[in-house]
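Given as structure tokens, the chain that follows is alone and in the form predicted alone.
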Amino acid sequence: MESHGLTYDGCNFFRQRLVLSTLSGKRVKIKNIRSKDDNPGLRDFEASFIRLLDKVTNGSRIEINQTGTVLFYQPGLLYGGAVEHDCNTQRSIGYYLEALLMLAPFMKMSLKATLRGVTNDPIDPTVDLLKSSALPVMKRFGIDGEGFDLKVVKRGMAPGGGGEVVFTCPVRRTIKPVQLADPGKIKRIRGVAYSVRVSPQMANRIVESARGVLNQFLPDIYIYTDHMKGPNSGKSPGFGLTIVAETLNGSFLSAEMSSTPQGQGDPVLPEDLGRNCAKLLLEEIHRGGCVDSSNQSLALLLMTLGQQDVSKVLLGPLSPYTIEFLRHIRDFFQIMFKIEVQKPSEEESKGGDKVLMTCVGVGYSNINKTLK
């Protein structure tokens, strides 16, 4: 193993490794990718992800062996600019977007990425979820401005896809440290119920059943219905719901569900979907913290890359994905977090155990950004 490269085994946490490698400039080698599988090597969606990385960087070197079981990646400079990419429909656009959110602020030119494919599916975070919960997290760290937006131009449900989103993000020289230790109480719930290529009534049925659960807790609930028609509705039928609870201190906790893709398993009733999604949101509120479970790793990455000052963020119980992400941050940036478990006090026996994450940023500075 070379002194300044890292080697990993297997296909898990594939995006984490490539994203952190790109940001830290350390080359990475991933071997034994599904080598025991009947169909070994990289999947199409992973190859598509590598192509996207290649489009936003300049001078990356990527070598893959013949069977696709070994990948060598030497990151180039993050370049940005206008990028178009057709995402593989095995995974939704959210799979690719999660990584772009982590890289976008450190490009040389502001990024304008047009991604096509599946906007909503049951596996990955949907575009609506990222818009309503990941963007506010990034704003907390000072990534903001009029050019910071995520637009759904067309919806595409799995398995056919046909959706299109545009993500624009300004560049930042540095990331500011944050202190988010008190999420505050929930003040309102907002959401969007979407339906494509099915009766527009579906979305109304979802809203009604979700409200049936949430109205017991809170009066201020507004769920939009979004019914796209014609060419904007993608290639497959489906519906779903994304809901977000906003706290007094400006934290966003989110939950979502999408209908089962056409031809894959039992169909879902819109009433059940609305109710189950509302329960998922209540579970997310129970877990609590200033950042919801789907954006834990994004927040931890931005804390790591902050200026050389202390950042603190209160999170709910860490997801397995986040725990692995912390190990990778240690490998690539030599940053260790101080982790304090906080039990809820007796009089507020609300929610699960919280974890206060503290670290000193590496003082990452965007060397690619051209000085105007």
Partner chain sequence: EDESDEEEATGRAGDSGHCSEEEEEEGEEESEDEEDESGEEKEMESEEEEEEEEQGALRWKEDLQQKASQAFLRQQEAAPNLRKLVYGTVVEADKSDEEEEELGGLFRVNRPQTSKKFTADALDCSRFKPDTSHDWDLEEMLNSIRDCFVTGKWEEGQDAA
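Positions refer to the first chain, counted from 1. What you see is a predicted model; the values in this text were computed from it and never measured.
Omitted here: the form predicted together with its partner chain. The next part is about that form.
Using a 4.5 Å cut-off to its partner chain in the predicted complex, not one of Leu20, Asn39 and Asn366 places a heavy atom inside that distance. The listed set Leu269, Ala82, Ala181, Ile123 contains one residue whose heavy atoms approach its partner chain in the predicted complex to within 4.5 Å, identified as Ile123. For the residues Ile33, Val56, Leu305, Leu315, the 4.5 Å heavy atom test against its partner chain in the predicted complex is passed only by Ile33. Though the partner is left out of this view, Ile339 does reach within 4.5 Å of its partner chain in the predicted complex, counting heavy atoms only. By the criterion of a heavy atom within 4.5 Å, Lys187 is counted among the residues contacting its partner chain in the predicted complex. Under a 4.5 angstroms non-hydrogen atom cutoff, its partner chain in the predicted complex lacks Ile64 among its neighbouring residues.
The shortest heavy atom separation between Gln216 and its partner chain in the predicted complex is within 4.5 Å. Remark: of stretches 88-96, 148-156, 161-169, 132-140, the one touching its partner chain in the predicted complex is 88-96 (heavy atom within 4.5 Å). Along 49-87, not one residue places a heavy atom within 4.5 Å of its partner chain in the predicted complex.
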